[in-house]
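This document opens with one chain alone, in structure tokens, the form predicted alone.
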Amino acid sequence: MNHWLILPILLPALVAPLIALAVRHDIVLARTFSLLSAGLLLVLGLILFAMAAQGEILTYALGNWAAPFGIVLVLDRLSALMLVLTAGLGCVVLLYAISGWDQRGAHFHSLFQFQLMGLNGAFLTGDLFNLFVFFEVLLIASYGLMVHGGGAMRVRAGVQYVVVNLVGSTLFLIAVGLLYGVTGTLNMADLAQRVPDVPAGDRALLEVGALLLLLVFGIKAALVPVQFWLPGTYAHAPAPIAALFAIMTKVGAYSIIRVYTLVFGPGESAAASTFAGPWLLPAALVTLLVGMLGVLGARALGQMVSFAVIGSMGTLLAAVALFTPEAMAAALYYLVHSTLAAGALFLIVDLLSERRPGYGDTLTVAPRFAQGGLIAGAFFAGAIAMAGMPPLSGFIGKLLILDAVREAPWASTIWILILGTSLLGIIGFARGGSTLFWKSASVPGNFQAGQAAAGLPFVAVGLLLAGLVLATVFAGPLTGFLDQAATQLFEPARYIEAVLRRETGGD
């Protein structure tokens, strides 16, 4: 049964070249293969989620080479959650893209499949070097998707994105080299056993490697001071790709959670609070403040949502930085919520800009446009969720985080910043909404002529908003699962036993 673990990587890895080589000239076939692949990935994700929910940690050893000598994939509750979230978001984004976005450039669907492959691989891999490999798959595919459809601004933002991430890749290799030099392994379970026993003379190299990894993951997560690439990249990316990129920053957050609870997890000489906590918490709080100030000062709706993503990462990582099961469970709930909310808002930005020729998503008053009331309602729901207002999941997520940090040394600061920046977010989104929908309703003229009726794009947005509603209605069962996932993270002995004590992960 453990053979299921390879399928979320293998399926898109096979479908992507098939689309590129065999059906790239037939858009109907390309869409069919891509949608089937994404749908199967969602089914696989749900199957793996059900398996992981039983509490057992499953492994798969490629080529039947046992860890730590071979490549190993590992499934626990957290990785299963991320697989389902990725596949669900991927399916919704594809529904939006096939309304026409996928025809604005070449190889959209093959690049999209490679992107899903990289995401799934990053969430399943059990060693640092293959985490680096899947980071590179993500980088290559995301750059192709980023410049999909062309345009000078898009290419310029794409170049900045690539340069920053290449720097991150270089630092990743240096960190991996340092850790391998002092431990002799890159398997994360094996590292967890060897790190506490590193000789005192090598501790400085170990700590440099650990902090370099934190910097690399911080780049992926858009953590201050390396957050500057995100607003330009996300605001200028094609709308479906910006929505998919809502999960990209979570790869950085996932990597921080995985590495600093396992490799540098509980232990006398390798505690996560020693390696990451003192750096991560202040950076996360500043990230939260910078993001929400950006929301307040944004001049376009896409820019506003991009800064909101930065702010949400600050909120998420502030909870992660405490490295307690309660705070981690709250952070995971907020991770699910913020991914869905950001994805929905990026799609809403495109619905708006497509119907305001000459104005786009800039925060300026313009004549009325087709389906304005429907888009306004969707924006209102998405903004409430992202700002953390009741009754949607953003409010529950922030409430869970505030409750989890009550006993933390920085509790007062965290409370003040989360509540204060929530107010900034509410003001920023209210300003944007009133300009785009309320004030514009009184402007003479309209953009009604030639506009398409509601269709798949609205279905896609509706599905993401429905996900937020479900996360709210079923917050009890969801938080119960996330409590178990967080508890499992802080029991690294079970992970180590699953990876290293079994003769094979393929049976």
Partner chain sequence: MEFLIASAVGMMTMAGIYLVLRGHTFPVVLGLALLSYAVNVFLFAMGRLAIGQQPVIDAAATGYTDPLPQALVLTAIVISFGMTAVIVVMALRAYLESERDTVDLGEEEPPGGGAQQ
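What you are looking at is a predicted structure, and each value in this text was computed from that prediction instead of being measured. Positions refer to the first chain, counted from 1.
The discussion below concerns the form predicted in complex with the partner chain, not included here.
- In plain terms, the part of the chain that comes close to the partner chain in the predicted complex, with a heavy atom within 4.5 Å, is 138-146 out of 84-92, 115-123, 138-146, 334-342.
- None of V133, A376, L289, A370 but one reaches within 4.5 angstroms of the partner chain in the predicted complex through a heavy atom, and that residue is V133.
- The listed set G177, G277, P196, G420 contains one residue whose heavy atoms approach the partner chain in the predicted complex to within 4.5 Å, identified as G177.
- For the three residues L424, G455 and P457, a heavy atom within 4.5 Å of the partner chain turns up in the predicted complex in no case.
- The partner chain is not drawn, but in the predicted complex it has a heavy atom within 4.5 Å of Q160.
- In the predicted complex, at least one heavy atom of G232 sits within 4.5 Å of a heavy atom of the partner chain.
- Proximity of I416 to the partner chain in the predicted complex falls outside the 4.5 Å heavy atom cutoff.
- Under a 4.5 angstroms non-hydrogen atom cutoff, the partner chain in the predicted complex lacks P225 among its neighbouring residues.
- Along 353-372, residues G358, Y359 each place a heavy atom within 4.5 Å of the partner chain in the predicted complex.
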